[in-house]
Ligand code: PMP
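Heads up, the chain below is alone and in the form predicted alone; it's given as structure tokens.
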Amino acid sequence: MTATATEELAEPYLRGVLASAGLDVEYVRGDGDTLYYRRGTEDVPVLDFVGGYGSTLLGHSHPELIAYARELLAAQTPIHAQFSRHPYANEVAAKLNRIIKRETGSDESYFAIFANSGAEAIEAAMKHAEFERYIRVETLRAEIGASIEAARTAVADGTVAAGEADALLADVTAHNDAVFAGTPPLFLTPVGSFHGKLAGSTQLTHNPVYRAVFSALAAQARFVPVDEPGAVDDVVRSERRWLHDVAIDGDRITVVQRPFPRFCAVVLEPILGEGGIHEMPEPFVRDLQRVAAELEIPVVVDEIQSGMGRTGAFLASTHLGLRGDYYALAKSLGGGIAKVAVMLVRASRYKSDFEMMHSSTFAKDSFSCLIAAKVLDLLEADDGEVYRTAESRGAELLTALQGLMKEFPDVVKDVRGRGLMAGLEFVEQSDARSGTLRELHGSGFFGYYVSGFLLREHGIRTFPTSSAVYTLRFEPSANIGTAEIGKLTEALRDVCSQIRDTDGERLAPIG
């Protein structure tokens, strides 16, 4: 790290956390799966298994993308031309539609709303889903209002006797007013989910560290256990609310219950990323899709980290038979050099008025869209060679990690993932004999200290998942080779040996 007298003003607490784990390195260059930091006049290489949290499936500084970006900038392609035709955005949407139709076998189109980040794409999905729900609520309000007005007319003209009818109608109105006013929209999402840290998306993020403080700002979510059969049905039963409608039956008025459209959407990642690299169980996915159909709410599939070919298919949800009404894509869509995201909505659910309610100054610009279109071309080239490579390299990586689990069963608890989205979970040893290990385990930053050791001792960059700090994630590019996987394996073997055979002193940060 270059010494400087400048006061640290850019997120100084985070800088301190990084320093405590030995991770406060300033990288000056990236190429393929390698990042470089400066030591004196020397560039020191670091093998990068973080991959921009899944953003660099094509590697750092992909030569074709860099050359294309230079062409675009040299041609003065406009970044700011809002409220004008954007054919390049339409090109990206068309390419995404072709890919998704191929993978899902569906003929229905998806309309695209562009954003700058994955969290923004999720926010757009939440807003659009709430717009859908709002229309249903207002339609129901109008229908019940018409029924009540018809009943009052029947009382006024003597068809229905007054007195008891007036009291009943007053009770119905009071009940409905309480439900309409006191029942916020509710999203359903799995335990362990992570969908961003903006005001809305953080409410879909299971970790209370990110969510609880801001729970009064936005919509609510119920987090459904993925390994309990019937759990989603139990949640729906406990959270369902009913409105009272009325009907005229001869000379009397009867009350009819109608379900209140409380549930807004199901939102899920095919593979929990920040929650510890857990692929969704297929029975759970089937339950969610069934319940969503019964409630007539959309299924929002968050492919921000898992999508774009990382798992061997363009969509990780393809492996699970999961079909989305909405898809959120980002990260590798920008090829590691552009900030671009997109939220796709099935045509049959799309509300065109939403386009006037939601916008972004920087979204849908020509530069990011043209880069995204180029990325899609690279992914689809040679009949999807990148997907096949990601699948085979991922299998090699997972095999190597599983070998470590067999070698160190008291240290490695589990190995999970699919393709180039892999996780290795350590056994929690808060009662270790070593004081150093007990301290590391008790710190809440165990995975970060392990990551600091890997960087310091082996020149390897990885991080734990943010909501499961005993799980290290590995998301390299599709260019990763056998030698690099071998280097990671040897480094992790050293870590496991330190935990099993020594007091763990070398894992503690220096200084």
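Just count from 1 along the sequence shown to find any residue number. Computed from a predicted model, the values in this text were never measured in an experiment.
Quick note: we don't show the form predicted in complex with this ligand, though the next part is all about it.
Although the partner is absent from this view, Gly118 contacts this ligand in the predicted bound form, with a non-hydrogen atom inside 4.5 angstroms.
Proximity of Thr311 to this ligand in the predicted bound form: non-hydrogen atoms within 4.5 Å are absent; the residue sits far from the partner.
With a 4.5 Å cutoff on heavy atoms, Tyr327 does not count as touching this ligand in the predicted bound form; it lies far away. Within 4.5 Å of any heavy atom of this ligand in the predicted bound form lies no heavy atom of His128.
Residue heavy atoms within 4.5 Å of this ligand in the predicted bound form occur in exactly one stretch of 219-227, 75-83, 387-395, 297-305, and that stretch is 297-305. In summary, among the residues Gly423, Gly335, Gly196, Gly419, the only one with a non-hydrogen atom within 4.5 Å of this ligand in the predicted bound form is Gly196. Taking this ligand as it sits in the predicted bound form, the stretch 256-272 comes within 4.5 angstroms of it through a non-hydrogen atom at just one residue, Glu269.
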